[in-house]
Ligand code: GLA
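Here you get one chain, nothing else, as structure tokens; it is the form predicted on its own.
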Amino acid sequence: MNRGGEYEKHFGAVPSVIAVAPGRVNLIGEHIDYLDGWVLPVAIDRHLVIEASATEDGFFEFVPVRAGFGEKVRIGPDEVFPRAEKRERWLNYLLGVIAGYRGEGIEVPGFRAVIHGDLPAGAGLSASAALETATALVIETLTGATRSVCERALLCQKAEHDYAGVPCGIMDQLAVGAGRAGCALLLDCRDLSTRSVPLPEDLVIVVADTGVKHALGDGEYRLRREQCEAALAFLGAASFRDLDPALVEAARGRMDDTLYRRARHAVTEQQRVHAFVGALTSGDLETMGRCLREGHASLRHDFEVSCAELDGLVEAGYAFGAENGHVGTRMTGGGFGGSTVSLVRREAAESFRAHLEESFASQFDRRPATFITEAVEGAKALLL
């Protein structure tokens, strides 16, 4: 697990702890983790790494090596508060976690942290949750505090709510922390129970990053959540788990069209998760592909979180053809940019990846960043 070396380059010393947190893709179950839904994420082999050591003066020093974050910064122990300036907002993911442990009575020491890795930011792959989780593991390792994966995920989620201003669900933080090699994670976002679902050995995941950066704290994500809450209130239900598509359809003529479509996505997406898990278990590739395609269409039309670049990649995926090894493609993550996730047969992965890049380039005059990945273990820390 040792992915170190950057700390020594910057500080001429060896760090005392290295925390490594993977990104995630969500196979299906989008925008329903904050609606008590079921989701099916996978931890992927792109990681964010923090190498750190405690400081003697109690100050925090953060050195981002990787792209997508800001500049090196030094913060006093009494300067742990949310940042509003755009160039400093990335710090909120770190500072919110520090504040969270302090709020639980943990005396968090100042520490130097060099942040690097190969997980792109703003690509819909949960770089923010990886940063939060890695920070949490650094703090636990330096202090001797211990938290379960679920407790840590809840603390990191609260940090994102309170400091980053993103009312996210719990999926990303739990997927980053509880990932299992070779498996997707079926997560019940109501009771936070999880079940590992083995992925077929002959399938791999292809991720394609549109390069369109999303910023979920800019308001659209929050708006979708507010619209879903308004739809529930109109329908007189406490949760979309208490509803089914027939009931939502029966109310269509009385509902605002936007609220109707938000509700339709929420209830149908939950059904797709269960259908997809059943298809995974039985090896029904046709049903898996249909669930992914219908899920993207729902996100595009009913939830309105897709974009032309995501749609182009999805259409290119299905144009490749099931007969050539393609199973299914859809957008993954919060949307408004970011990435698509595709399931393809292992032997077809490289040709499929090239097909996506060429098709995208013909439409948008640039190539997307693509990579082939499999399910990996969740975040870990090593005390050196």
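A residue's number is simply how far along the shown sequence it sits, counting from 1. This one's a predicted model, so the numbers in the text were calculated from it and none came from an experiment.
Another form exists, predicted in complex with this ligand; not displayed. Remarks below refer to it.
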Which residue, G312, G289, G169, G117, is the contact with this ligand in the predicted bound form, using a 4.5 Å heavy atom cutoff? G169
Within 4.5 Å of this ligand in the predicted bound form, heavy atoms considered, which of Y93, Y221, Y260, F240? Y221
For the chain seen here without its partner, which of 46-54, 314-322, 349-357, 27-35 has a heavy atom within 4.5 Å of this ligand in the predicted bound form? 27-35
Please check if G334 has a heavy atom lying within 4.5 Å of any heavy atom of this ligand in the predicted bound form. yes
